[in-house]
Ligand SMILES: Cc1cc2nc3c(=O)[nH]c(=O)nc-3n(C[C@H](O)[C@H](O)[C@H](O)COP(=O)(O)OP(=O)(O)OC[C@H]3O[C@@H](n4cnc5c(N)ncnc54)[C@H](O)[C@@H]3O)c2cc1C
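Have a look below at one chain only, the form predicted alone, in structure tokens format.
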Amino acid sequence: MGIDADILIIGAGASGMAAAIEAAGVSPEAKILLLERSDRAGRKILVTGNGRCNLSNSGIDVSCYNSAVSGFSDVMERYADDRSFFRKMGLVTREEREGRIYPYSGQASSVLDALRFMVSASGAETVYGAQVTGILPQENGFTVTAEDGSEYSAAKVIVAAGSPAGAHGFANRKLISSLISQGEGFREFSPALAPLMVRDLPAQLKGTRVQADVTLQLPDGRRETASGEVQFGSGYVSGICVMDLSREYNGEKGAFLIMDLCPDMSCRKIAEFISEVTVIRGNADASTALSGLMQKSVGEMILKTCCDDLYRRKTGSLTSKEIENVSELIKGYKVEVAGKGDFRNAQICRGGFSGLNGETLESAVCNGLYFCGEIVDVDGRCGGYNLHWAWASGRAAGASAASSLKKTPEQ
């Protein structure tokens, strides 16, 4: 029957490794096996936080998450100590702006090294190149099948197989279909924390970054606002604040992004500044009138939108009406949303399995089967919230599975 295990974990990513470490701590004698479809554990960890691994946030709160799992907040409360969790692995962390927590080294590899060391030290084994396609409940546990025909038996199974986020395709489709056929509740994945595609974005904005207050205006009247750095690309807008807003966009037509490109100044103050510039730099080219306030390419785009024959004029020729229009556009630059980036561009997904016990993350229809990480229907804000869920849910599932091993049938 292949390799037998007390606890078999499908996926050796962030949540899967956290599950193995916690399970070994609760039940040191348990035989723990991880099945990983790729040739290395935790590969996605290396690209998080632009290679620095934003592993958590000091502002964790359930209000920062969307979830279809009833009572999932219990897991968040019990496993809120990410920094202590990693310190016990020999990893020091630091808190930076907006509560984001990073490894003190500034390298994601430090996080992965700590996790891999602890998994190995726990005695857990990892099989690589194992693409799981099905889980079959048996009288005393489960049979787990892989694409190459291998079979593994286990008393408990933890599904930490991830989502399609950041991938060209979803390799775990057969596994999910197998679980759905057994009655597990599942909501189809959709990209979340992804860039927003926009219409008619001026080409000169490509590659620029600005600090802005950004509002997503939806056709039903809802408005969601976030602040931070906005990154302009070729036909899309990105940045942490934009990706946070993308969680609220589901493809509706008639949605707009409205950007305040100078959030620290009122419209009146901006107009006063431009009026001063028309005197100070009266003989300078009008296209440079905003160069003392914002990036040249952004300011030039704003001026070109509001002023006729811009490149033939001097700054001193700007009229009071033009100055008013420029000021208003700076405070409310509006673009229509045309769509959302696909799975390849998404940091995480919305959707997944939800019919779980919120305290243990055990399946509601199959005893001994647990879920954690991205494959669970929980998605959080950008800024360390989703990796926090990975650690917390992995630890919860690992502890629950290990604790259940100790129970006798009579209990």
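In case it trips you up, residue 1 is the first one in the sequence shown, and so on. It should be emphasised that the depicted structure is a prediction, and the values quoted were computed from it without experimental measurement.
Not on display, but discussed next: the form predicted together with the ligand.
- For Tyr385, a non-hydrogen atom is located within 4.5 Å of the ligand in the predicted bound form, even though that partner is not displayed.
- The ligand is not shown here, and in the predicted bound form it never comes within 4.5 Å of any heavy atom of Pro103.
- The ligand in the predicted bound form is not approached by Ala23, whose heavy atoms all lie more than 4.5 angstroms from it.
- When the ligand is considered in the predicted bound form, Gly162 lines it closely, a heavy atom lying within 4.5 Å.
- Considering the ligand in the predicted bound form, the lone stretch of 24-32, 66-74, 357-365, 42-50 in range is 42-50 [heavy atom distance within 4.5 Å].
- Out of the listed residues Val326, Leu175, Ala255, Val230, Leu175 is the one that sits within 4.5 Å of the ligand in the predicted bound form by at least one heavy atom.
- Only one of Pro137, Gly166, Gly185, Gly339 comes within 4.5 Å of the ligand in the predicted bound form through a heavy atom, and that residue is Gly166.
- For the three residues Gly13, Asn54 and Ala130, a heavy atom within 4.5 Å of the ligand turns up in the predicted bound form in every case.
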